[in-house]
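Shown next as structure tokens: one chain only, the form predicted alone.
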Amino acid sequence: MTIVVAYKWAPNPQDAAVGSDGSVDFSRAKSAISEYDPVAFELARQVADATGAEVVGVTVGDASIDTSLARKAALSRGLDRLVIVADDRLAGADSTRLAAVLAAVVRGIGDVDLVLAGESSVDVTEGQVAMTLAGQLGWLGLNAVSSVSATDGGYAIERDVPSGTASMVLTGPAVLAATTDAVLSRVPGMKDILGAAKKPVEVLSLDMLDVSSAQVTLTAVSASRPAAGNRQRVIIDGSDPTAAAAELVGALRAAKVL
């Protein structure tokens, strides 16, 4: 049995530059494992330790995702091995294209019954790849998963829902997108990092995969900022805290905020 962790090697938005027109330049941003993904690594490792499963990391993107630093960053988080699709034809690929490539890799690995992923990617934050991947595989897809544990013949899952938490038992293959607080992610130590260099890595190109192509093209033609609201410019004298609080409440009610 094999558990796959689908993750993204992505630029950190904190390093991005924002232009006066609202455009975002990631050219100088340092890349790392998307901050939503470490929880998926940890969940996979915990389930694998309880079941004896193998944990395989999978990431896809352009050639820049395949570096020694990127490999060690992933392999030091509890993976048994790593599969990378590093192809410049995937530069700027949308979520549907990325999911199609991930699906082809998962099918090629074989004996996979569970794919774990973070709830979104730190750079794009669309939150679509995991569920699109489930659709590509023809598997069940669940997001907002806050707990996963092995049971006889399946998995016990807890999932955040608007009314609280839903508990369920899963049998059959599935793609699960975990919440950021599902589990406390470990910080790789020196032993983990040194051991990562000895773990197997397989690098694939698109030509090696049977990738289904969706007959859809999505092109961004424009972008605009939300209209700025009219500021009331109400100034409240704070010398008397009680009176200031009452005045603030009155102003908020007048503005129909309360």
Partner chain sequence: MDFGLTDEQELLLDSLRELLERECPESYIAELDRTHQAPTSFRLALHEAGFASLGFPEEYGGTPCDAVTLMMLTERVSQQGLNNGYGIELLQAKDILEFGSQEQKADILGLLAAGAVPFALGFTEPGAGSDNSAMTTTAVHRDGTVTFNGTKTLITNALDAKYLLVMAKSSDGDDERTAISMYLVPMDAPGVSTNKLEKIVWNTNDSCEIFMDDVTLPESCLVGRQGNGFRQLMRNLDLERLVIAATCLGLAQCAFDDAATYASQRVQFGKPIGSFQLIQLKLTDMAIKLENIRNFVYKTSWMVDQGIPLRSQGALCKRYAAMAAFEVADDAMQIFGGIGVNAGTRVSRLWRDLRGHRFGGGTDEIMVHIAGRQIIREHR
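Remember, it's a predicted structure, so these values are computed and weren't measured experimentally. Numbering follows the first chain given and starts at 1.
Beyond what is shown, the protein has a form predicted in complex with the partner chain; the following relates to that form.
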{"query": "Gly141, heavy atom within 4.5 angstroms of the partner chain in the model of the complex", "finding": "no"}
{"query": "Partner proximity in the model of the complex: Ala227 to the partner chain, non-hydrogen atom cutoff 4.5 Å", "finding": "no"}
{"query": "4.5 Å heavy atom contact, Leu194 and the partner chain in the model of the complex", "finding": "yes"}
{"query": "Touches the partner chain in the model of the complex: Ala73 (any heavy atom, 4.5 Å)", "finding": "yes"}
{"query": "Answer range among 168-176, 93-101, 181-189, 119-127 for contact with the partner chain, defined in the model of the complex as heavy atoms within 4.5 Å", "finding": "181-189"}
{"query": "Residue (of Thr242, Ser239, Ser23, Gln14) lying close to the partner chain in the model of the complex, criterion heavy atoms within 4.5 Å", "finding": "Gln14"}
{"query": "Within 63-82, the residues that have a heavy atom no more than 4.5 Å from the partner chain in the model of the complex", "finding": "Ser68, Leu69, Lys72, Ala73, Arg77"}
